[in-house]
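Quick heads-up: it's one chain on its own, the form predicted on its own, in structure tokens.
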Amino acid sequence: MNKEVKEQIFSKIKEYNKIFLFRHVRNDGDCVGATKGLKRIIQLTWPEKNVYLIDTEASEHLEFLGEEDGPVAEDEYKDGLGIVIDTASEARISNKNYLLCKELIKIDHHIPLEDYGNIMWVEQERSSACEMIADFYTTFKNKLKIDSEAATYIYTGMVTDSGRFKYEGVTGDTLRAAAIMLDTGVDTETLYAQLYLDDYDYFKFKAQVYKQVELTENGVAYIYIDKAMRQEFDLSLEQASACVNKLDSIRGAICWIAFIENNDEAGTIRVRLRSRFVHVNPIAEKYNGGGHACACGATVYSRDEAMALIKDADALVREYKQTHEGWL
């Protein structure tokens, strides 16, 4: 699949001695795993190359994957190749020095929002960007090197972005790529413990989520996490946002949404939308966001706007249920 563009990317990586990897703001397991995984593959294959992963953000939840590179002078970027992974639009690239690179490559699996870069490899049907990096490795496995460290990064992103291989987009190709990563010696027991064990206080927060979840008439489950609740349970934005995954098992609720108040001066409210069967990305795009058909994010600026989003989502679910069968 897309062999020609992959060959172009391989040639560019081989050509440049200085390579910079970039990803999106509010980073997650997929963008972290994909960038760290590709960096490791390049370093193993071409030890003489300088490969940099410099981000302006860090995820507490993913600290176990290790540190990244410190900043370098802006002049260093000018003769380098930039590779942006898992980022649909330029506005969401966390390190803005990507603009300084001599050439730019985009590797992404989101619904395309805009074109950027000299070379673009976009497959929105893929379950994760890490699946694409795994595919890139297998396409050139006779020329590229991999080890258990690189495979662990990539497998982490495949697991997290696919909901442990249960979301829409998971195919036989996904599982075959995951198997190749596992064959290198990924320690899944330790990895899953790092990803899914919670502190006791977070368990109490989850209990509060179950108490406060609301359900609309047509089947939209939602939770609103305000600043007071975040303070009560000492929640980072990342921890609070993860609560959306606790709402995915209500029969008849085919869309679920979490609203999380930020601590910024603009008073923004982060929105995470998830669904099964029905595609909710049009709702996200209406409210300053985007992403995948059934997993996306948005931003609103007041409770009134949050309620308007819920109303739109409820109407979307109602229409879907009226025109489709087989939903649960």
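Quick caveat, the model's predicted, so the values are computed rather than measured. Residue indices: 1-based, along the sequence shown.
In what follows, reference is made to the form predicted in complex with adenosine monophosphate, a form of this protein that is not presented.
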item	value
is_contact(I42, adenosine monophosphate) in the predicted complex, heavy atom dist at most 4.5 Å	no
Partner contact for G297 in the predicted complex: adenosine monophosphate, 4.5 angstroms, heavy atom	yes
Interface membership of H24, adenosine monophosphate in the predicted complex, 4.5 Å heavy atom rule	yes
Exercise: K246 in contact with adenosine monophosphate in the predicted complex, heavy atom 4.5 Å	no
Heavy atom of each of L113, R272 and N288 within 4.5 Å of adenosine monophosphate in the predicted complex	yes
Contact segment among 130-138, 206-214, 183-191, 105-113, judged by heavy atoms lying within 4.5 Å of adenosine monophosphate in the predicted complex	105-113
